[in-house]
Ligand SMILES: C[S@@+](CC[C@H](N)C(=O)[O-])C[C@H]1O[C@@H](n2cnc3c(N)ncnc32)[C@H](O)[C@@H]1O
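Next up: a single chain in structure tokens, the form predicted on its own.
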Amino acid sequence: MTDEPAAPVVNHHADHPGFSGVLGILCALVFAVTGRRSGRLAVELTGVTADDHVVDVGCGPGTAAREATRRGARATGVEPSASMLRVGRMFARRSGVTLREGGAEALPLPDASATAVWALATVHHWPDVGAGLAEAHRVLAPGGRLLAVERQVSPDATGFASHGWTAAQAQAFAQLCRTAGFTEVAVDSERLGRREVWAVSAFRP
């Protein structure tokens, strides 16, 4: 028996129904406009260059992944929603982003094929965080970078306002990264427009 408190659940919206149908397409169009800021932050935090292959897990319509290609990088977006992919492919033809259907727990990529893996406002939806981190570790080449960004939320937030992480949840995810074999794990507070976000970064040794 232990008196230690249980670690906060970091995938507290894993039962979200996702984005499908007409609503999914409408959300994808909104994300296509609003996601550039997140992409620019991810590019800066991971130091993307033309030598990189970036994998965006839960990429939506691929907006953030397109920011990586603007730096000359190769980018692959992985997304479980067919509606998101349908919209994303309209933009991908011009950007060179590769979009593939799949989830964090089974990334459709070879071992050690990526130099950076992003998860931007998606980890709190992953059905199995441990499996997702194992997959990120698998597809990253040695020295590859992992980045998870989530909106900062209050512990008493409910509804849409709770989609993100508290400080304790950000720290809990960092510990899960260490358990999965990542090193140099850091939790930082960053500004994204008018919002504050948690950025958890790590390296695959």
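One rule holds for the numbers: they count along the sequence shown, beginning at 1. Note that the structure is a prediction, hence the values are computed from the model and not measured.
Keep in mind the form predicted in complex with this ligand is missing from the figure; the text below concerns it.
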| property | result |
| --- | --- |
| Proximity of Ala68 to this ligand in the predicted bound form, heavy atoms at 4.5 Å | no |
| Any non-hydrogen atom of Ala121 within 4.5 angstroms of this ligand in the predicted bound form | yes |
| Residue contact check: Ala104 to this ligand in the predicted bound form, 4.5 Å heavy atom | yes |
| Residue contact check: Val57 to this ligand in the predicted bound form, 4.5 Å heavy atom | yes |
| One residue of Thr46, Gln171, Ser38, Ser162 in contact with this ligand, assessed in the predicted bound form (non-hydrogen atom, 4.5 angstroms) | Ser38 |
| Position in contact with this ligand when the complex is considered in the predicted bound form, options Val97, Leu133, Ala116, Met84, heavy atoms within 4.5 Å | Met84 |
| Candidate site Phe31, Glu79 and His125: all three near this ligand in the predicted bound form by heavy atom within 4.5 Å | yes |
| Residue stretch of 140-148, 46-54, 175-183, 59-67 approaching this ligand in the predicted bound form, non-hydrogen atom distance within 4.5 Å | 59-67 |
